[in-house]
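Here's a solo chain for you in structure tokens, the form predicted alone.
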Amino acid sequence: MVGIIVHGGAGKIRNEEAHQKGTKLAAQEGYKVLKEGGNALDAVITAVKIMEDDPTFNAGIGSALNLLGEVEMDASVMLGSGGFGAVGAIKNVRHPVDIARKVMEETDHILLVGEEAGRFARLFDFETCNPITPEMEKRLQVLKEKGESMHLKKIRKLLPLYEPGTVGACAVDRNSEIAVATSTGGILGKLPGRVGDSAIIGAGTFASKWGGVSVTGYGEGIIKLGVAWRTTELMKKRKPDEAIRQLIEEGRKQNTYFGVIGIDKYGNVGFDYNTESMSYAYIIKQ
């Protein structure tokens, strides 16, 4: 059994057709890797990079802007066998998920952030780019106008109006290896230097021999709940949809809003959310 499930963010989706098209393409391209005998890590990286290149999503090109109008991106990858790598608040790269993978494969570290994460990317000649789009510049201006003095509590109340955040993918290959990748531009109007759940092991991304999970939503709440790790732990005895549902309900009770996708070692997938909507797509084959 091989399979992949992807998400394109949870929240108030502006263009459902574009989200459906983008997540479907990501799932198809990721599954193609699995079908041709590739591993789960290559599959999730392929899927996430498709969405990082699509300004429909809040990852890579088209990422949300911070309070100063800059893009600072977070991304991570994890294997069921235990490997993990992440970058936080990285700027001016095309594919943050590629740098997260390189951190996992080429260093003894787990997380690189800020300017030094960018330096690391340049060391390995990763493609640079300016991910800022006119659409996101307009959204930040509207947020500033509505947010008045831009107190963070006011920003949080306005978040559902502006952007689903984060993209992610979970896959299992023919060798029963599980991999997860997650990438995001973060919260629109965030303070410079803020790092969210997508770069934190056990929060936005986690994989074990039982299954893998990618999360999207309000990062601070996701970190506090340890959503990805706890969901994966539940997969030891429950199917992904049951495990995910439990964390979604817990989040709702604590006024924390997010969406979750997951896959287990048997190729079962699950997804749920307590936001207005979430875009996702999956392909599972014997």
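Numbers for residues come from their place in the sequence shown, where the first is 1. Note that the coordinates shown come from a computational prediction; the quantities given were computed from them, not determined experimentally.
If you look for the form predicted in complex with ligand ASP, you will not find it shown, but the lines that follow are about it.
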Query raised in the report: Only one of R94, K91, R194, K102 has a non-hydrogen atom within 4.5 angstroms of ligand ASP in the model of the complex; which is it?
Result: R194
Report summary line: If we test each of A121, L112, I187, I178 for a heavy atom within 4.5 Å of ligand ASP in the model of the complex, the one that passes is I187
Query raised in the report: Looking at 209 to 217, 80 to 88, 127 to 135, 168 to 176, which lies within 4.5 angstroms of ligand ASP in the model of the complex, counting heavy atoms?
Result: 209 to 217
Query - ligand ASP contact in the model of the complex: I222, any heavy atom under 4.5 Å - result: yes
